[in-house]
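The form predicted on its own is given below as one chain in structure tokens.
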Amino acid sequence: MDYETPLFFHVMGYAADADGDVIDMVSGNPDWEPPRALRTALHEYADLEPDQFQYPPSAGLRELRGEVADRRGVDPSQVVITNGAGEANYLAMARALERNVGDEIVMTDPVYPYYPGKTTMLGGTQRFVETAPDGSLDPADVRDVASEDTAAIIVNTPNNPTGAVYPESTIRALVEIAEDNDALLIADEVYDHFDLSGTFTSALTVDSSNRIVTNAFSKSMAITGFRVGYAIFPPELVENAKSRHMLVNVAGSRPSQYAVAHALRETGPDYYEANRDLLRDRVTTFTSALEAAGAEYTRPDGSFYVMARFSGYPGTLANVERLIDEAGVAGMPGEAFGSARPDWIRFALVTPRVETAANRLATYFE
């Protein structure tokens, strides 16, 4: 079977091998500090007894599952600690398909490329719903596509790559559509701490046995290398997910989970607000330069990505490589995110050199 291979690592490798100075705006690796409590916990961990260096419980450390459950208003038994949001989404999509009520996964276009890739890997069929130019999703369009063949509807809010944040009315409508078609709504909320609009609504606010919520600490704590995420399942769906997690991974990293649990408990809201303020400033800096260059752009309500369209310069892989070589700025081609935004390029605002990158683009396209 041929799987779709996301282009992220190709573009990152091309940028790394390029001659000259290249500003990486490809990956979603935050450049700011993780919580101080997380560093402290890692130091503490090094001096623990040998038994703490062995397998943790497969579903995750009890302490971490409890912290997640308390914050999300669910029972700890519903929480599976995963190898980042990537595994959380894999478990959720697998659980949807193994219910044998359909083989289609409905997703948006533009789309985070790992969703269609996982769908193929799991033997499912992709169905796409195009979003509006601002990234908003009309539930009526989802309802038109959903059918008895739908196993799941997967959405990401705040969204990568569009920056859209779906309002409560959209989330409730999507859960209802899933229920009406005996499908599952999978809500990937990994950017929930980067809601810049104040309008984010978690799917957990809707009580339903037809929804799964996935998340991770990769972005919110600036620890993409720790690979600590989680999925929250309805009680009747969680046991098979735990078994699949055990068979694929055995368990996750014990020291990573230990550090995250301590950081959750000891990190206040000021940490997250400071990072949102940083991103707001970067959005303003970057989009102002794009406007000066005459580019069209999206101004994100959440997450930390900006999509831009430069006249006569479609967002192909070849043009992205050319931009790396000639302007010294690396972004992601719009064609990597489906068929709806082939003329656009996505830039991640997770570099302290946002202003320099913006100026380089403005100069290049003037």
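For clarity, every value in this text was computed on a predicted model and none was experimentally measured. Residue positions are given as counts along the sequence shown, with the first one as 1.
In what follows, reference is made to the form predicted in complex with another copy of the chain, a form of this protein that is not presented.
- With the partner omitted here, the stretch from 47-55, 66-74, 335-343, 322-330 that lies within 4.5 Å of another copy of the chain by heavy atoms in the model of the complex is 47-55.
- For D195, no non-hydrogen atom is located within 4.5 Å of another copy of the chain in the model of the complex, even though that partner is not displayed.
- For R282, no non-hydrogen atom is located within 4.5 Å of another copy of the chain in the model of the complex, even though that partner is not displayed.
- Shown alone here, S243 lies within 4.5 Å of another copy of the chain in the model of the complex, counting heavy atoms only.
- V145 falls outside the set of residues with a heavy atom inside 4.5 Å of another copy of the chain in the model of the complex.
- Note on contacts: among A251, L204, A292, L278, the single residue with a heavy atom within 4.5 Å of another copy of the chain in the model of the complex is A251.
- G225 is the sole member of P235, P133, P269, G225 with a non-hydrogen atom within 4.5 Å of another copy of the chain in the model of the complex.
- By the 4.5 Å heavy atom rule, the three marked residues N83, Y90 and L247 all count as contacting another copy of the chain in the model of the complex.
- Taking another copy of the chain as positioned in the model of the complex, none of the residues of 171-209 brings a heavy atom within 4.5 Å of it.
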